[in-house]
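Next comes just one chain, in structure tokens: the form predicted on its own.
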Amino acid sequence: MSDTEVIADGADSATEDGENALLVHEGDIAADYLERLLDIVDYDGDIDLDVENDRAIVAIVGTDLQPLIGQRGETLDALQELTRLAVQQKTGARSRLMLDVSGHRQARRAELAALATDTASQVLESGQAARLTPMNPFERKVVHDAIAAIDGVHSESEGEEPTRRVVVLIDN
């Protein structure tokens, strides 16, 4: 009997389970790192782990955690990078885990999707390209994904970090 099973979409479930197990392991390493960090800074928060879109999702949930988010999510971005480095140090592999604190990224994702929809409507109405304010890579990806779902427009990124921005253009 084989250890693998072919499922309808042609994916290999043993490989899928192995990848999921690696992502769960990344999440566990990240959770341990973040729990130690929360103890050091004396913040109370629960750690939630999930796997979504082939990446580990780690969330710190609690009250009074705004200092972990910072202005425009800058502290959260830095914490995410530190957490990724901690995971990489333990696993030897680059991590793509996503960190959220008190639902900040989820709320920001909704704001950016609405901005993308509004901007696409303006571009379709005026026929003129629209340049958005500079955004971090997470924010740009959310906008690009939202624009990709709208007929008649497309998006591109322009500029260099930290002033890289999304441009929404009419399709030709």
Partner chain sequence: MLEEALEHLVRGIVDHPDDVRVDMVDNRRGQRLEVRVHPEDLGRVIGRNGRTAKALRQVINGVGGKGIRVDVVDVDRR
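Numbering follows the first chain given and starts at 1. This one's a predicted model, so the numbers in the text were calculated from it and none came from an experiment.
This protein has a second form, the form predicted in complex with its partner chain, left out of what is shown; the following refers to that one.
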Taking 36, 40 and 68 as a possible spot, do all three reach its partner chain in the model of the complex with a heavy atom inside 4.5 Å? yes
Review point. Might residue 97 be said to contact its partner chain in the model of the complex, defining contact as any heavy atom within 4.5 Å?
Key: no
* Asked: Can residue 75 be called a contact residue for its partner chain in the model of the complex at 4.5 Å between heavy atoms?
  -> yes
Residues in 77 to 99 that come within 4.5 Å of its partner chain in the model of the complex by at least one heavy atom, in order, are 78, 79, 81, 82, 85, 86, 89
